[in-house]
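In the block that follows, a single chain appears as structure tokens, in the form predicted on its own.
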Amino acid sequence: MLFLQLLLNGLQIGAIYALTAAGFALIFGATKIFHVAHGTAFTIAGYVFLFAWRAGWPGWAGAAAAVLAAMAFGVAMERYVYRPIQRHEGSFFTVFVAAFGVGIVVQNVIGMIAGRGFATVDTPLSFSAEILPDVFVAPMLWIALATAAVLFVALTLFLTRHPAGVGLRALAQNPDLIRTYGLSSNGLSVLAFAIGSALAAPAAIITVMTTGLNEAIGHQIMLISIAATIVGGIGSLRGAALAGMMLGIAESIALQVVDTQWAEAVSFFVLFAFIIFRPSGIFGVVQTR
């Protein structure tokens, strides 16, 4: 029964990782910007929902505010940090340091406002009930899985059926073609950041309603998103989502054989294994010389 309990816990963690990884993969795939501050959007969304809940807002209103805050942060990063750097032909290292610096500033501001301990939102949805002997499940597990599935299907339909979604895919493959057809690459880039950052919000809300969060959680989310993007295959949204789910399950099941403090390291063992044996990832294209 311990294995089943860990598997169910892993599915919930995996759903959170899948959402954040899909958002990071969408931004990186469309814009080729290594958005290190993606974890910061997760942190902002989580704390906005927390503050709204404590202020007595309805849950749906707090969730909407969290999504808007994450989108606003992503769009602001694109317009006021990344675009000026690209205009001056800044290097990858410049982009990395700028995004990392913004993340540190936001982390400290949140720490000063909300404190540096773990914060949670307690609701009946977070309370576990025994469904089998020694197996406990909270309603949030099913909500997390349903949310991840619905959002991923909606994102897939948007990218394949909606003109703006097709434009995002074209931007990822050939930016010059976008300009030829009169589309705005800047507008599509903003759209990629808005949608990708919005995907971090439901993951943050689920986290604050289950395990809780602190101001530094964005770094962990960022590292997991990068690992899932590489394991899934760079440029593949379904690969990032699947890899995020796999890493969450692996991290949870590993608790059978390792201490809690080593659980997060399991994701990076998986990452190293893929780098050595399948560097293109699950759905990546194998490059031939």
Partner chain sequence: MSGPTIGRRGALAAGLALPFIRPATAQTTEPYVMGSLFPMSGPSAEFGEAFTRGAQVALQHIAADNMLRRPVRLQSEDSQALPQPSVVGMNKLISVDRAHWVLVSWTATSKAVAPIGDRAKTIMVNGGAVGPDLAGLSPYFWNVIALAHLEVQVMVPFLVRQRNARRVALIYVDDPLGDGILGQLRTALPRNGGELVGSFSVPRAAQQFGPVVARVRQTRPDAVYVASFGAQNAQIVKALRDNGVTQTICSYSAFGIDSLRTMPEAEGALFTSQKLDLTGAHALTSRFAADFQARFGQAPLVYHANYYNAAYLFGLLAKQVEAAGGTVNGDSLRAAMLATRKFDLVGGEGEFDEQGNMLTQMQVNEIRGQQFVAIG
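Being a predicted model, the structure only gives us computed values, none of them experimental. If you superpose the two forms and keep the largest set of C-alpha atoms that fall within 1.5 Å, you have the rigid core. Residue numbers count along the first chain shown, from 1.
Only in words, not in the display: the form predicted in complex with the partner chain, which the text now covers.
Contact between V270 and the partner chain in the predicted bound form is not found at the 4.5 Å heavy atom cutoff. In the predicted bound form, the partner chain stays beyond 4.5 Å of every heavy atom belonging to I195.
Taking non-hydrogen atoms only, R116 approaches the partner chain to within 4.5 angstroms in the predicted bound form.
By the criterion of a heavy atom within 4.5 Å, Y17 is counted among the residues contacting the partner chain in the predicted bound form. The contact residue chosen from T147, T94, T156, S126 relative to the partner chain in the predicted bound form is S126, the criterion being a non-hydrogen atom within 4.5 angstroms. Residue in contact with the partner chain in the predicted bound form (any heavy atom within 4.5 Å), chosen from G212, G165, P175, G90: G212. The stretch in contact with the partner chain in the predicted bound form, judged by heavy atoms within 4.5 Å, is 251-259, chosen from 24-32, 251-259, 60-68, 232-240. In the predicted bound form, no residue of the candidate spot (E78, T160 and S189) has a heavy atom lying within 4.5 Å of the partner chain. With contact defined as any non-hydrogen atom lying within 4.5 angstroms of the partner chain in the predicted bound form, the contacting residues in 98-137 are Q107, N108, R116, G117, F118, T120, V121, D122, S126, F127, S128, D134, F136, given in sequence order. With a cut-off of 2 Å and the rigid core superposed, A55 has a Cα displacement that falls short of the cut-off between the shown form and the other one.
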